[in-house]
Every structure is written in structure tokens, then in C-alpha cells.
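Only one chain comes next, encoded as C-alpha cells, the form predicted alone.
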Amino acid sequence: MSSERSIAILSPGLLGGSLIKAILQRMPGMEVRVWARREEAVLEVRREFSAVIASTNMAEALQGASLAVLCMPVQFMPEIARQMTACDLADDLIVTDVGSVKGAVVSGLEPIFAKARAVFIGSHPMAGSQLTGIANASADLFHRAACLLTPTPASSRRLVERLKSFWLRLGCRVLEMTPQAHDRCVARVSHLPHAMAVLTTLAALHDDTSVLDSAAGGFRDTTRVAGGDPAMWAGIFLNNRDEVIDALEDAAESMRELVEMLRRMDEEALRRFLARAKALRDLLPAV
């Protein structure tokens, strides 16, 4: 049994909707409450999940919740957090999130909730899709995904374990690290790949989209995440800009190396370059 009494999901898009589905499937009997800014989104939740309490009234959505999960883009979280603290929050409330940046989010939200005697502990399930909206939500989105928790010295160990238990119930593998270590990590394995997908798409198609008629799996796989929500990714890049810049500068250096090898027709250096990349890629665990 979960130690949670009632779980509030704030902003039911792809990740929020997937959380609702996963909770209902893996934590039967759990009360799920949902807040959405738009009435249309509330009606969509009610149509999809008859047992879920959904409202545009934040106080109603948070009533009695022992866990609240912020699922909106990271740039909107501070304002939502301030709105939450004006509500009557349960004494045992843990607030977490699913955002892809942690340094700015944790440093911004931890003091906001501390003033309301609530506790914020950052979470980042490494799961998602280039698709958006609750219509594309999946109960299996978090299954076997790594979930990165980012407690700070202010985080109660007991509450961290409670939050960890929640993500484990949803099928995640849970890792803990500092917010700063998290941002360095995801800049390399999430934010840089997204940036490179965007750059590949722009370089390939900016002056001639007719080449898409000849595109195959390699182009689709490499550029898939470039189809993600531009507003969400702009917020991620800006909130983790220092680490993203470092990763992009390393990528630019590797690109300059490749260009020079091709200019010199240096086949031996090119083979070593490609082999090094293959050896590193082969270290990636199978899903």
C-alpha cells in the first residue's frame, strides 16, 4: 500500500495525463485530483477519467492532497507554486515536479513552499515524447524509466523515501543526485540530443524540404525529438543555459574535428573518430 492519501496532478498534458493513468493502474483505490488552467482541459480529464476529481479551482484540486506533482513547463512553476501556497495545504504535503531542469526549479520553489510549511523535493522521470497533450498519455510511460530525485540538505530523509516509494510504485528506477549534478547530466543525455536534433533538422531542410521525399529511418530517428513543444524546450534551454552551452561547445569542437578530417581526406583519423563514437554508444544499456 502507498503511504499517500490523495495525489494532485497540476497540468494534465502528456506527462500529467500519463501520471493519472499510471496511478490509476498501479495504485488502485488512490484518490487522484487534477488542476487545469482551462475549463476545456478539465472537461477532457472528466471524459477520460470518470473517477478523477478535476477542477480549474486550485484549492479544490489540492484539498487533502498528501502529494502534488507539478507537470507544467519549468518556466511557469514559480508562479503556480505561489498560487498553491495561498491555498489550504495539508500538513503532510510533499510537492514535486517532472521538470527537466532542477537547479533553477529547486532553488526557486523550495523557499516558496517552505513559507507555507510544505516541502518541495525535485523529481525528473526520464520519460516523454515529442507528442503533447493528454490524448497521447500512456500508463506505461514511466515503466523502467530512470527517475532522478534531487533532495537538498533541507530535505527530510523520511519524506525523500516517501517520494521515492511513489516513483517505484509507478515502475521507475530511482536515482538521487544534487540539483547541480542533475543539470550537468541531463544537459548531456537529454538537452544536447534535443538541440542536435533541431540543428540537424534545420541544416537538412532549411532551403529544400523536397529532400524529405527520400528520407528514411535514420533521419526520422535522429530528428524525432525536434518535433517537441517549442515553448517547453525554450524554457528548458534557458533555465539550464550554462550546462547546455558547455555541451554545445563540446559538440561544436567534435564537429570541427570531423570537418577537418574530411577536408584532409584523412581516412584513418575518420575511422578512429567513428570507432570511438561507436564504442561509447555501445555502452548504453539495453532498454
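Treat the numbers as computed from the prediction; the structure is a model and nothing was measured. Start at 1 and count along the sequence shown; that's the residue number.
We do not show the form predicted together with another copy of the chain, though everything after this point is about it.
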May I ask you to state whether residue 24 is within 4.5 Å of another copy of the chain in the predicted bound form, using heavy atom distances?
no
So in the predicted bound form, does any heavy atom of residue 193 sit within 4.5 Å of another copy of the chain?
yes
Whether residue 30 contacts another copy of the chain in the predicted bound form should be assessed with a 4.5 Å heavy atom distance threshold; does it?
no
In the predicted bound form, does residue 39 come within 4.5 Å of another copy of the chain, counting heavy atoms only?
no
Exactly one stretch in 44 to 52, 249 to 257, 64 to 72, 31 to 39 has heavy atoms within 4.5 Å of another copy of the chain in the predicted bound form; which is it?
249 to 257
Consider the chain as shown here, without its partner, and state which of 201, 165, 107, 138 has a heavy atom within 4.5 Å of another copy of the chain in the predicted bound form.
201
Please tell me whether the candidate spot formed by 117, 152 and 169 is one where all three residues come within 4.5 Å of another copy of the chain in the predicted bound form (heavy atoms).
no
When another copy of the chain is considered in the predicted bound form, the residues of 142 to 173 having a heavy atom within 4.5 Å of it are 146, 148, 173
